[in-house]
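What follows is a single chain, given as structure tokens, in the form predicted on its own.
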């Protein structure tokens, strides 16, 4: 069953410090346009409305909202600006290669009854848990481990409730899905394509620009 209105929220309030940018990461040029524009375009192909959460002071423009002190606070600000949303898709501006196809697959899982659906990749490396002194305490079974990404789609009311936690819990959250899980919500993983890369360092930006150039030639993969 379709869940509408569907609102996309782009988390674009990051500083870009590790990227070495002179300004906010989401506004760094990539493939001839600001990094965040690629995500807005992909979400716009699926969602009824797209809200962009930007650093305070950069709210000029339609559907621009100032972010908070943490990522989850910024998502909460974006969600509060869209009270009409029945479902929402949260996506990081730092993943500009997201496709409408991946977004639709996350949304479809929510429409099937899940409270949330997150793009993710199976872990392929061996993962070990270690104590503070570096001593390995155990080797984890990678067959059931996933590296979580965005987009992440949710029933909006479920995410709203999950975000109503103390500020320190919001600041400690590594993603929105962990808050939904902590509140008892059901979350599923959606296998993401290898191209759904996150831009963190300058080398990532070079890789992404190359893939965007390839996508313009018609070989972009959903």
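Numbering follows the first chain given and starts at 1. These numbers come from a predicted model, not from an experiment.
What follows is about the form predicted in complex with cytidine-5'-monophosphate, which we do not show.
task: Identify which of 69, 183, 172, 165 has a heavy atom within 4.5 Å of cytidine-5'-monophosphate in the model of the complex; exactly one of them does.
output: Looking at 69, 183, 172, 165 one by one, just 69 meets the 4.5 Å heavy-atom criterion.
- request: For the three residues 4, 89 and 152, verify that every one has a non-hydrogen atom within 4.5 Å of cytidine-5'-monophosphate in the model of the complex; reply yes or no.
  value: Result no, not one residue of the spot touches cytidine-5'-monophosphate.
- prompt: Contact between residue 93 and cytidine-5'-monophosphate in the model of the complex at 4.5 Å, heavy atoms?
  reply: Residue 93: contacts cytidine-5'-monophosphate in the model of the complex.
field: Partner contact for residue 205 in the model of the complex: cytidine-5'-monophosphate, 4.5 angstroms, heavy atom
entry: Heavy-atom contact with cytidine-5'-monophosphate at 4.5 Å: absent for residue 205.
task: May I ask you to check whether residue 198 falls inside a 4.5 Å heavy atom distance of cytidine-5'-monophosphate in the model of the complex?
output: Contact check for residue 198: yes, within 4.5 Å of cytidine-5'-monophosphate in the model of the complex.
- prompt: Tell me which of 108 to 116, 80 to 88, 131 to 139, 93 to 101 has residues with heavy atoms within 4.5 angstroms of cytidine-5'-monophosphate in the model of the complex?
  reply: So the stretch in question is 93 to 101.
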